[in-house]
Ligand code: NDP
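First, one chain by itself in structure tokens, the form predicted alone.
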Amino acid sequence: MSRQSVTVIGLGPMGRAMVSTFLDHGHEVTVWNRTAGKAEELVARGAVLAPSVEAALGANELIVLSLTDYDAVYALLEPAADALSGKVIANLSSDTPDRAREAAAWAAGHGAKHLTGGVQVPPPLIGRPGSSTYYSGPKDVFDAHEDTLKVLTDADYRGEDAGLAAMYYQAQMTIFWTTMLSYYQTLALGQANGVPAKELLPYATMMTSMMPHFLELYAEHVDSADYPGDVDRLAMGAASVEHVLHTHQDAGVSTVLPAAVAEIFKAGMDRGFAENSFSSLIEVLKRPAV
């Protein structure tokens, strides 16, 4: 079966993993990177190194971008904009939903079609079962290239709005970064009390394993905008986070993170949510005080 040829621009760890996966599945791949030396191993495996961005764009209809952010996208593509007409840009670079919408409009202005992508896994998991990428943009464009894109990861199409894939990706990153920071905060507290990370690990794992129940319950609260205090009350939560804050203060570790949490709880109390579930804090986060 003939496989679609593809261009990949950007050969950081993610870009190299994508090119390698395409090659493993029999796709012809043209590559370009500002530092050409990063392509040597891939060229040895059969990739074609384009001499310029224009040549890379001209080689194939489907262009996969794996760059740091959209500033890098514009820096590379704007000087070569004349070569964009008729191309499909699968932009797997990270940025904000609004910037994704702007990029889609910019691409359309140059005769190209834009698919926003948000890769949900790190480079070592590209091409592995269970990996996935959010996509949004024109449905017909996604459908036409879905089989090729699914060589890299499963494809989770989120809709026509170019910003939606970026929103889902940044939402996922919000959970990841804040969860990992809370874990590091816990480990710092443990170390300050002579408890190594490996001893705290099973208890941290136990706590995270309980989270799906709470996520499901509080999603219902948020979607209904009803925050009953039958299971928990914000007043009790506010007292608890004050105890957390003081525990970290007493241990002499950073209190930046627990202090921020306590401030959000205080804002909820000030809004009159004391007898509501702490899910009512969504109202604070949606409409923070000026």
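In this text, all values refer to a predicted model and were calculated from it rather than measured experimentally. Residue positions are given as counts along the sequence shown, with the first one as 1.
The protein also exists as the form predicted in complex with this ligand; that form is not presented, and the subsequent description refers to it.
Participant: This ligand in the predicted complex: within 4.5 Å of a heavy atom of each of 15, 38 and 94?
Facilitator: Every residue of the candidate spot has a heavy atom within 4.5 Å of this ligand in the predicted complex.
Participant: Within 4.5 Å of this ligand in the predicted complex, heavy atoms considered, which of 201, 195, 144, 75?
Facilitator: Filtering the options by heavy-atom distance leaves 75.
Participant: Looking at 155, 80, 119, 151, which has any heavy atom no more than 4.5 Å from this ligand in the predicted complex?
Facilitator: Contact with this ligand in the predicted complex is made by 119 alone.
Participant: Since the chain is shown here on its own, which stretch among 233-241, 23-31, 60-68, 260-268 would lie within 4.5 Å of this ligand in the predicted complex, judged by heavy atoms?
Facilitator: Single hit among the candidates: 60-68.
Participant: Is residue 111 close to this ligand in the predicted complex, meaning a heavy atom pair under 4.5 Å apart or at it?
Facilitator: Outside the cut-off, so no.
Participant: Flag residue 169 as yes or no: does it have a non-hydrogen atom within 4.5 angstroms of any non-hydrogen atom of this ligand in the predicted complex?
Facilitator: Result yes; residue 169 sits at the interface with this ligand in the predicted complex.
Participant: Give a yes/no on whether residue 281 approaches this ligand to within 4.5 Å in the predicted complex, heavy atoms considered.
Facilitator: So residue 281 does not count as contacting this ligand.
Participant: Taking heavy atoms and a 4.5 Å cut-off, does residue 138 contact this ligand in the predicted complex?
Facilitator: No, no contact at 4.5 Å.
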